[in-house]
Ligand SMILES: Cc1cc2nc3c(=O)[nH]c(=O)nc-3n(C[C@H](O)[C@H](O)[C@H](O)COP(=O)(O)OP(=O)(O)OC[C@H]3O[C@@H](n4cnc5c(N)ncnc54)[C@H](O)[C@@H]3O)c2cc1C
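Encoded as structure tokens, the following chain is the form predicted on its own, with no partner shown.
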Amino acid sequence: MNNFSAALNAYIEQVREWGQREVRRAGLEADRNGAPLPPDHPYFAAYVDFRRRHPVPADDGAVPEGPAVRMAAINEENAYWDRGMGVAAPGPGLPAPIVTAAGTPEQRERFLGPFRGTDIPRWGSFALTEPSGGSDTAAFRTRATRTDRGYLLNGAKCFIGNAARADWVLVQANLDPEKGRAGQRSFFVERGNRGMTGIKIEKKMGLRAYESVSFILEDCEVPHDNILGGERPERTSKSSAYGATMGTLNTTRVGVAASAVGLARSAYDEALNFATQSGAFKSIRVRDRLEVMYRQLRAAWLMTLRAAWKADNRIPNIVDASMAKVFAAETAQDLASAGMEIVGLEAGAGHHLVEKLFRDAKALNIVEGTGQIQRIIMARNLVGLPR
């Protein structure tokens, strides 16, 4: 299903062997427990060791594909084995490209440096979503106020990945509400800050393998040098701090789309294997259903790769990224639902992997910008929907 270089395919094969041996088993354990694996679970130390022996390909020319296409290919394979364990994996995670793009040199070293070459599982986290406005940044209520000692953050965040185990959480807050979105900045809140309270790990129907954390910011004080990009971000970034953050999300949304394709491929393979082994494949209706599933899966993957290719070639891809995110997430839901119908009673009883995939798939239409938000973004760019 791809025409990647030999170097990238060799790396994907390593990810596949790791996923088959460790990731799916760990994901099923977390799902059965109804909670993420604890930070000291042996899986995470083994993961850090795997990453040290098999680092993600860098921009050194060894893998000719660009970073966005590489990320899409790796995310797709990871999510095939378990999307939740992919998010739970130790590392700086989603905020890493944001800090790299918009942070000062000192912040990049201070907050990303500890993740390099470490034997200890550690996490970073990015807090965007709020209880009152979801991922609609125009509705954000979290405020930042400058003081002589630094900044005071007040507000609430919800469903934030890995926030309870992270060394630091990069929190999005509005420093100047009169400027609307342009007044938003990001702040590093380090573990143990007493202003970060009410920490609660949410119960979820799917993707139970990673923490989704809600918390309150109550006069949460951070020093002046914890504002991303410094107090004068124009000296460290060509775009606004808000623009740098949102621009990074256009790329990470492609990664979510790729994860949705991986989950959808897993649902397709499970349905195909069941139909073949049970004899259901003899039914023309089942064969027709599988053909439609494969066609939708291929379309979602090609749409995702197009958005990634545009990112690598510095071609504006905001519509492509939103389109891929919406279509791939819907594909994951459609294929998991079709898989439930093909597997039938065994799936309904909760004894088959496709039932877990059915519960996992819904979240992909929500995280990092809901399907509704993506449709608004597309409408603004395609038909001039007013802001």
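Numbering starts at 1 and runs along the sequence shown. These numbers were taken from a predicted model, which means no experiment stands behind them.
Omitted here: the form predicted together with the ligand. The next part is about that form.
Visitor: Run the site superposition, bring the ligand over from its position in the model of the complex, and let me know if the shown form is open or blocked under the 3-atom, 2.4 Å backbone or C-beta criterion.
Guide: After C-alpha superposition the pocket is blocked.
Visitor: Can you tell me whether E22 touches the ligand? I mean in the model of the complex, with a 4.5 angstroms heavy atom cut-off.
Guide: Judged by the heavy-atom cut-off of 4.5 Å, E22 is well away from the ligand in the model of the complex.
Visitor: Using heavy atoms and a 4.5 Å limit, would one call V15 a contact residue for the ligand in the model of the complex?
Guide: Looking in the model of the complex, residue contacts with the ligand do not include V15, since no heavy atom lies within 4.5 Å.
Visitor: Look up in the model of the complex whether F115 has a non-hydrogen atom within 4.5 angstroms of the ligand, and give yes or no.
Guide: F115 lies outside the contact set for the ligand.
Visitor: Would I366 sit within 4.5 Å of the ligand in the model of the complex, counting heavy atoms only?
Guide: Although the ligand is absent here, I366 would touch it in the model of the complex, with heavy atoms inside 4.5 Å.
Visitor: Of A73, I160, L228, L217, which residue is found within 4.5 angstroms of the ligand in the model of the complex when only non-hydrogen atoms are counted?
Guide: That would be I160.
Visitor: Could you tell me which one of Y210, W123, W301, Y80 places a heavy atom within 4.5 Å of the ligand in the model of the complex?
Guide: Filtering the options by heavy-atom distance leaves Y210.
Visitor: Want to guess which of 202 to 210, 186 to 194, 100 to 108, 146 to 154 is within 4.5 Å of the ligand in the model of the complex, heavy atoms only?
Guide: Going through the listed ranges, the match is 202 to 210.
Visitor: Would you say all of P64, A308 and A311 touch the ligand in the model of the complex, counting a heavy atom within 4.5 Å as a touch?
Guide: No, none of the three is in contact.
Visitor: For the stretch 49 to 82, return the residues whose heavy atoms include at least one within 4.5 Å of the ligand in the model of the complex, in the order they occur.
Guide: Heavy-atom contacts to the ligand in the model of the complex: nothing from 49 to 82.
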